[in-house]
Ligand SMILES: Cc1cc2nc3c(=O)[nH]c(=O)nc-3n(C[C@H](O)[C@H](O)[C@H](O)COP(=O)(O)OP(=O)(O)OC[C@H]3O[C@@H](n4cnc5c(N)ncnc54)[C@H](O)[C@@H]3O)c2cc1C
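Quick setup: one chain, the form predicted alone, written in structure tokens, and binding and motion questions come after.
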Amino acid sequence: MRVRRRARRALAPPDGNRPRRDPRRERDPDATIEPLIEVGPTGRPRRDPRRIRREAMTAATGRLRLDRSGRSGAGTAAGAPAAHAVAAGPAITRIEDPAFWIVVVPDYEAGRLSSHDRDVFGAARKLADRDGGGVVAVVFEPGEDPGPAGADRLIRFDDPGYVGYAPAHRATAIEALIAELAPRHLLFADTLVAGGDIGRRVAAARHVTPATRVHRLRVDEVVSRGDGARSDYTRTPPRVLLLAPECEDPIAPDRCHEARPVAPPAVDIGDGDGGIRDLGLLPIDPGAVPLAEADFVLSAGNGVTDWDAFHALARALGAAEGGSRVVCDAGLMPRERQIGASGTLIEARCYLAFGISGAPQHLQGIARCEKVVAVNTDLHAEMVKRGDLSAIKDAQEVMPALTRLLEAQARDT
């Protein structure tokens, strides 16, 4: 009786809410053109896995090419060629006639924007975007395009007198720029030998009190740290702002501004040296550099056993040495060389990690490093996933080989 009742229900004509299925038509790929995803009688999307499978078959090889991103469903007709997504760059934002200017003077060391510089540009965009302003980047050497960082205009002073450590000459150039643009604010990275020095010189020449070590910024308020980093001072934003790292987030990576080159104003810096002569960089022991200030860090984890090879490679690279918590807990490296949330947060341009698995606390310590290179025997280690470049190899084999290569290059030069 149960079988007969099921048969009668299957043969009964459909009511107004239940569509009848046609199995023959479903099996025929050439019957009609239907979407891969349609709306069912209940209003919910319904997928046809057989048709999706047929559409995924390539004509050339007859093999499946599945799109698991979910982009090939609704609105795609059977028999139509699959649309290939083209990864386009971000649209360039152009501001032709801004209401005012915000001037940013990045450190721009060796023609590259540091993470601190990008934070300063993020703060400049915050000040400029609310009232329709524009951001001007002022640099003194060729290098990286500041457009992706948020600059609408680019002014480059290319006189040889600005090269190297020349804070007096650079401050003179910025004074000429202020006379021409009358910017609402001037922003500098509050660093020891670049933005911090120049920004204070400009503020003194303008007879204004700058906001220094700014770590929190709004359009109508800034918070500066002082009194030996024990106190915060709140004030309205002055004309000259010297910003601490992480004062503001950089602009989103899908956003890019024009950075249109503009001719600099004429500046007469004279023949003098402004009382300062740049005698070049002094040689320094990389091991004496604090990790937080090191540009190149060579780090060891539990996977390093040949410590002689590790120290030899650090000397050949001229890199500061660091280590994971496991290494420092074992007494193999001093505690001040520990990298991570419970150690030192670093901002190196290059971080080379040997035998480090990549615990969350350690990854937090290298979050602001520009480039990470990982050497590990575990393909699935978190450090390998974090690395911009990774080598799946034993550290004890890679370290001496790399040292020999560096020594050979040094002999050739």
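Since the model is a prediction, treat every value here as computed from it, not as a measurement. So that the term is clear: the rigid core is the largest set of C-alpha atoms that superpose within 1.5 Å between two forms. Numbering starts at 1 and follows the sequence shown.
One more form of this protein should be noted, the form predicted together with this ligand, which is absent from this view; the next part is about it.
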| property | result |
| --- | --- |
| 4.5 Å heavy atom contact, residue 302 and this ligand in the predicted bound form | yes |
| Residue 325 within 4.5 Å of this ligand in the predicted bound form, heavy atoms | yes |
| 4.5 angstroms heavy atom contact with this ligand in the predicted bound form for residue 358 | yes |
| is_contact(residue 370, this ligand) in the predicted bound form, heavy atom dist at most 4.5 Å | no |
| Candidate from 224, 338, 114, 172 lying within 4.5 Å of this ligand in the predicted bound form - any heavy atom | 338 |
| Residue (of 342, 231, 234, 209) lying close to this ligand in the predicted bound form, criterion heavy atoms within 4.5 Å | 342 |
| Those residues of 379-413 which, in the predicted bound form, come within 4.5 Å of this ligand by heavy atom | 381, 393, 394, 395, 396 |
| Residue 379 C-alpha shift between the shown form and the other one of 2 Å or more, rigid core reference | yes |
| Threshold 2 Å Cα movement between the shown form and the other one for residue 153, core superposed | no |
